[in-house]
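Here you get one chain, nothing else, as structure tokens; it is the form predicted alone.
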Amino acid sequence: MSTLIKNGRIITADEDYTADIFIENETISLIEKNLTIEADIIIDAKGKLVIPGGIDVHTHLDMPYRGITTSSDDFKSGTIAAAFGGTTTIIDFANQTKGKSLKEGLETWMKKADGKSVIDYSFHMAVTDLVENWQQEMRELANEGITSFKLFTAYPNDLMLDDGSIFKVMSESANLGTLILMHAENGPVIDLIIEQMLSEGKVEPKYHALSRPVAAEAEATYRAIAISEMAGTPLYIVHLTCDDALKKVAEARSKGLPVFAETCPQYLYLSIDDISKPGFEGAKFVFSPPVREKFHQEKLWAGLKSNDLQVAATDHCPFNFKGQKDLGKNDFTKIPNGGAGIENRLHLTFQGGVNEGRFSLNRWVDIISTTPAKLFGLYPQKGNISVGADADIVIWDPNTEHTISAETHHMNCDYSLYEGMKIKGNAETVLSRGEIIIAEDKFKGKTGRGNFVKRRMPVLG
């Protein structure tokens, strides 16, 4: 099967030009102006942007929550929604169960994705317990293409490791050349604040945000950076929410430390005003770390522009308002943490970044595709448009007006965090390894067509 994309304006992280792209089977085989080659499918992309497929490096599909419920998107519904939004690769999180091996955790998540994912996928491995032979398991997983490991300074007695154990894992990661991801919040202090709030009868959703102050995130971010420096390992802070933590990252990078960070659209657009809505409406906006005061939003946008923040991911972990979020109607600690966003990442960053003049088209492609590919060992196979690369390509119409709504989105969630938001720009046609999977606002692919991608070591330059 061959496809010819003609007349498109090709945007990569560092190029902007008009040319034709010829695709054979799954890869890009030729890029030239005015190609006259025969092809099975011809797509006229005149007036459209042609960009590398989006890469979302932070998703939680089919994820159990405290043994009481599971995130509402599985690897079928979640990846279909991702494709509609222009994302062609995801990296989800495989979690180690305390007392169990890392490999068992990975096998559990591999089974969740197998036969369901419609786009390519990989996993980070969350390390929550240093069981016997954990170092050997890290080596084996790295050899199998799992080249990133997640740690937590939050959730004591569940996911959190103590600082000494964090140093041990970071040191082993340094030996392997892998990347450490960190959920940075001071969990023990947060738990004490929560206990105090509940004793005072403060049970509404807004107290989820108030119990997790910016200082708890900034402190844990600094501590993670300090431990990573001692261990000699690169560090990636996930879902950074506030200027206080951003300053810690920027300071580390100014010293030449290999420290990286992502933020997410919810922190660019939502605030404590949303979680403070009357009644139980604020439960829709309960996720961790929480929403912040509005002034942090512009600081995060500036961080994306300046490269103090390198990636826009989603932390997609949806729970329905009815039947899931309402489990915490009388206690904010029982509200499942998470929100839906896998479908709208490109929409929201294009609108706020490009349309509103905060950064260029090249920078947009960089934060939603190219840098994620480099940091997580997918480049140059993915995250760019070049001969020999996977034909993961999005034809983006910058002029199409789109209203975000739960009535029209494809995520398996009964509400939208961004309900009614009007944006300009939408994925018109989406190709995954040369196959058209989205066209004419319809899913054209097949369930289970997505491949597990064995990732290389990170490219940090």
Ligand code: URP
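Predicted, not measured: the structure shown is a model, and the values here were computed from it. Heads up: residue numbers just count along the shown sequence, starting at 1.
Although it is not shown, the form predicted in complex with N-(aminocarbonyl)-beta-alanine (URP) is what the next lines describe.
Remark: residue 287 counts among the residues lining N-(aminocarbonyl)-beta-alanine (URP) in the predicted bound form, judged by a heavy atom distance of 4.5 Å or less. Within 4.5 Å of some heavy atom of N-(aminocarbonyl)-beta-alanine (URP) in the predicted bound form lies at least one heavy atom of residue 338. In the predicted bound form, at least one heavy atom of residue 317 sits within 4.5 Å of N-(aminocarbonyl)-beta-alanine (URP). Contact annotation: residue 292 falls outside 4.5 Å of N-(aminocarbonyl)-beta-alanine (URP) in the predicted bound form, judged by heavy atom distances. Of the candidate stretches 30-38, 407-415, 43-51, 56-64, only 56-64 has residues whose heavy atoms lie within 4.5 Å of N-(aminocarbonyl)-beta-alanine (URP) in the predicted bound form.
Contact with N-(aminocarbonyl)-beta-alanine (URP) in the predicted bound form, defined as a heavy atom within 4.5 Å, holds for exactly one of 150, 76, 374, 206, namely 150. Checked against N-(aminocarbonyl)-beta-alanine (URP) in the predicted bound form, the residues 116, 347, 363, 239 give one hit for a heavy atom within 4.5 Å, which is 239. In this stretch, 163-197, the one residue having a heavy atom within 4.5 Å of N-(aminocarbonyl)-beta-alanine (URP) in the predicted bound form is 183; the partner itself is omitted from this view.
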